[in-house]
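A single chain comes next, written as structure tokens; it is the form predicted alone.
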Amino acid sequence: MIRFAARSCVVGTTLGRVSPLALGLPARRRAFLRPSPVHLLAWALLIGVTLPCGSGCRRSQPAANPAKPAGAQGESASSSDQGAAATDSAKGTASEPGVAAPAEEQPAAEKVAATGSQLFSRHCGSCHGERGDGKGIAAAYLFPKPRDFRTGRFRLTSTTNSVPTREDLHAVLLRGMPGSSMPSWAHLSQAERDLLVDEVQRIRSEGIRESYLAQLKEEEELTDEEIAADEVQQAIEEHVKTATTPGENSAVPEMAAASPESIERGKGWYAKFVCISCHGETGKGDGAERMFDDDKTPTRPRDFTLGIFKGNPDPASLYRRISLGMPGTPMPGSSNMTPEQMVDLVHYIRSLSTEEQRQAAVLKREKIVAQRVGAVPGIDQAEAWSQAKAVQVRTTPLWWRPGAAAEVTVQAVHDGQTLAVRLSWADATGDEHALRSESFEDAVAMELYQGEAEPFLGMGSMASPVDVWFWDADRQHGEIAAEKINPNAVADVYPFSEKGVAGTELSRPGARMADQPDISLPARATGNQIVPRSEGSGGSSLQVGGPRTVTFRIPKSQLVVAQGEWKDGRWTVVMTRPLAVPSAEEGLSLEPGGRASVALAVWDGAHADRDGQKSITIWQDLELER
């Protein structure tokens, strides 16, 4: 039985125990970040307040003009791992297998104006923190956790002293870190990536200096005056230089192509050198060992059969990972193995996945063309939609788990007046309701942005807000017979409707939300967006200026209409909205021949996805035919 404490209504009368289930509301309503508590939802329905669905329910200020960013604040969804092995032979040549080809470069004016610090703030700070300490505003929603550049150790290096080269850092920017929320930044220009590498190295040097100064004060008990002495300052600089200067590139032998014999030998070495204790007998990452990084955060070994490697999966990069280990993680270097044994092991590990899997692990930027049509088709017009070009867009879960939605099929059309976007993705279960406290509904969202400098991928920033179209399954179906799912939930007396409660059954006469007058449920009357609608649309329009600022637009600005259908293990959702809107208060205006940056997010209710626990794409390019 679900019970809630007594609360007082706005007129001072006692309502007793109020259950949102009696009102036909889902137990928890979620939008982009943190769901509102159950009792707040019930209260909102009764008193008519609107609850923005950001962390801490903080309301963002309306954007002056979402289409014209006022600054360069914010950044991208990143991850815990930084640094990469970027060579494919003993000569140490750069290797980028599976790296997404860069999209069109950003306008030159933006590149000239942006400094490394500004680029880091825009693309990296929300996850890695403005100081690079791994404590960004979005870090709480990510697993693995973002790398601490100041004190943490770089995971993927090609040098004997585990200090990454510039090429190592570039390799991470180009490929991203599959298996985490760190995406590929191949769409940035070479100049921008150079500036980001410079900034990461500067932050690392600053962190080394800061740590050494603390050591001098705490362990050596030096005073500020003593530390300011020339000889101490010189020692500090020498310490920082030593700790941040890459050593020699580690040697990689010439490697012949894999053969059945070398793969079989590698399988034997895999067992002999106890790789199975972590990665499991068949390489699925299901070994018995519990694993923690040096900073005590839990981690898990990779499932080699998925082809999702943190760094480049080419033979030379994997050889270095086996030889050098991964600093800061439970993965040790294999100094007790011969080069020949490590080569065989590389061939065996690569045999557990296909090149197609390894290529697909990288998030790539795609072009989505909204074709001009005579009339925008609805969700039930499959034949009409079959004429629209379908683009496969790869996703990654921010809270990593194998088996998350791998990709979304995107189609877009417009008739000169209305834009329709059709999204489809695999989902074994159609989770349409969230009436139980442990239940979560399926959902999808699309964020849009126009401007020269794309903001933080994770919902923009206050200086550069984004327009969000949102659909969730339970809101689409309107009023729900909550008593069928929770027959023993406690209901309360509805003002102006009932005079007494004969029992606890929600099915008693007059208890349904549909039977209540608007004076009892002002939230319904005022168009509160957390109340299920009766017209069958699960769509909403939201304004977002970064994490924790998600806000439903007011009812008159709710122009997004969306319908979803789950069939044969797959969701299909069609979102529509007028191209042009009266003002920025209603969202982002579009036009034939125009373009916008778009990104997607998918929630899987069966896996308890909610808030920032979701799968996302990187920015994609949406172009509207004239």
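Because the structure is predicted, anything quoted here is derived from the model rather than measured. Residue positions are given as counts along the sequence shown, with the first one as 1.
Although not depicted, the form predicted together with a small molecule is the subject of the following passage.
- Only one of Val413, Ala443, Val550, Met182 lies close to the small molecule in the model of the complex, with a heavy atom inside 4.5 Å, and it is Met182.
- Of the residues given (Trp385, Trp399, Phe273, Tyr212), Phe273 alone sits with a heavy atom within 4.5 Å of the small molecule in the model of the complex.
- Of the heavy atoms in Gln190, none are within 4.5 Å of the small molecule in the model of the complex.
- Using a 4.5 Å cutoff between non-hydrogen atoms, Gly132 does not count as a contact of the small molecule in the model of the complex.
- Put simply, Pro332 is close to the small molecule in the model of the complex: some heavy atom of it is within 4.5 Å.
- Residue contact with the small molecule in the model of the complex: Ser277 places a heavy atom within 4.5 Å of it.
- The partner is not drawn, yet in the model of the complex one stretch among 375-383, 465-473, 123-131, 221-229 has residues with heavy atoms inside 4.5 Å of the small molecule: 123-131.
- Contact annotation for the candidate site: Tyr141, Leu542 and Val602 all lie away from the small molecule in the model of the complex (no heavy atom within 4.5 Å).
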